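This document opens with one chain alone, in structure tokens, the form predicted alone.
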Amino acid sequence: MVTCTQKGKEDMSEEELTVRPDSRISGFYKKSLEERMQTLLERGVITREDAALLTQRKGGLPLETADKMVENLVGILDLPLGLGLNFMVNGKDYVVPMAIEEPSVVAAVSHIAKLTRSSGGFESFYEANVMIGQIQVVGLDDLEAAKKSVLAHKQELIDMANAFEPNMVARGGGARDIEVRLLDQGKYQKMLVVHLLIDCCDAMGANLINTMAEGIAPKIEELTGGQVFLRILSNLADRRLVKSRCKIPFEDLAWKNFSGREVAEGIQLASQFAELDPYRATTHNKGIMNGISAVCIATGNDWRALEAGAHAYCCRDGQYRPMATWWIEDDAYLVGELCVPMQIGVVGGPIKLHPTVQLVHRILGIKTAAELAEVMGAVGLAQNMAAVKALATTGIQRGHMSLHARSVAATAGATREELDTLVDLLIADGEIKIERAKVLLAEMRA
């Protein structure tokens, strides 16, 4: 039987480890769009057909296809698609497409990915592809007896669920286990909740989970004598975790007038702040999701489900906690770790329909949901370090406002040749607004 476990670096062929394009592209942001396309062509990241799809506005998602994806279609809302560069994850290079409107995110993750390369990049591990389908049972007189009845017929229920999704079973996935929870709290109606644990392989799995849960509902009623009410997946995917890690020596952390030790100590203190305080942890985690969600959107996955599960997981011990933490190890290294649910797929949904999403998957060169999750975990950890590093040193506004000024200058009508000069003027002026940019641009041209 084909299994859905991840393929580790030690299991990869020599060819798999060496043929991937190098994700280090120096000065990529300085190039014109045409020069970037040519660089990607020369590196083998994209083909000429891909370049045409990315640069010709007639490419991308056709209106006719979009009309099949949502109700009441009126148009298509585009997001900028940038490339996170320099990423090495589990010894492999990745060029990472990211769909996001916030200026600093792509630059930030690329900077940190470059910083980690000398110490081996990122290590990531994806736990499993297991999701939970919930079946709610109400109207029970004896919850314990109902629980025992369900568990006594566990294998029968698993086999029945798998009969509804034979293709998933053929790929090595399907229902794996049954768990039962009793909810008996205060004024609320007592209820029993059956958890159907399902290996979704390389799919996100929402539809198949719901199909299985609905399929076994009548048997659950028969076994318990209660009434089944809700039958639906849970987006708290705590059996589908990705764990990412990096370890950076102090000497690689020196930044501007700050020593590597000062940077490491500042990041450690900022992490401790997030670990202790939910107000800080919320903003800490928002930065992480800036990176993860940008890749999630670009790859055609459901970022609302991913974010809901990630934030719920942060409350698992009763207080909202950070997704990533940092600490000093051996008085010589800064170590960061991230752990977050990752309910994503590489098949199904808009991946089959959206031409640019399909191109994103080709650029990434990923083969499985596990591999995609491992890359996304590394991106989230990189984005977190970039934000915390800025906060602990020069302050986050300096870099953020520089990129914001570029967006304002472009909106004011600056040409490519005028852009850098106008950005410098805006930053020096201190008023980074479109109307002020127009005035400065007029003065430049005069």
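Everything quoted here is computed from the prediction, not taken from an experiment. A residue's number is simply how far along the shown sequence it sits, counting from 1.
Separately, the form predicted together with (R)-mevalonate (MEV) exists; it is not shown, and the next lines address it.
Enquirer: Is every one of 93, 243 and 245 within 4.5 Å of (R)-mevalonate (MEV) in the model of the complex, counting heavy atoms?
Expert: No, none of the three is in contact.
Enquirer: Residue 102 near (R)-mevalonate (MEV) in the model of the complex, any heavy atom under 4.5 Å?
Expert: It does: once (R)-mevalonate (MEV) is placed as it appears in the model of the complex, residue 102 has a heavy atom within 4.5 Å of it.
Enquirer: At the 4.5 Å heavy atom threshold, is residue 387 in contact with (R)-mevalonate (MEV) in the model of the complex?
Expert: Looking in the model of the complex, residue contacts with (R)-mevalonate (MEV) include residue 387, since a heavy atom lies within 4.5 Å.
Enquirer: Report yes if any heavy atom of residue 210 sits within 4.5 Å of a heavy atom of (R)-mevalonate (MEV) in the model of the complex; otherwise report no.
Expert: Heavy-atom contact with (R)-mevalonate (MEV) at 4.5 Å: absent for residue 210.
Enquirer: I'd like to check something about residue 259: if you look in the model of the complex, is any of its heavy atoms closer than or equal to 4.5 Å to a heavy atom of (R)-mevalonate (MEV)?
Expert: Close contact is absent here: in the model of the complex, residue 259 is far from (R)-mevalonate (MEV), nothing within 4.5 Å, heavy atoms only.
Enquirer: If contact means a heavy atom within 4.5 Å, which one of 293 to 301, 315 to 323, 151 to 159, 278 to 286 is the stretch that engages (R)-mevalonate (MEV) in the model of the complex?
Expert: Stretch 278 to 286 is the one.
Enquirer: Among 53, 66, 405, 391, which has any heavy atom within 4.5 Å of (R)-mevalonate (MEV) in the model of the complex?
Expert: For this set of options, the contacting one is 391.
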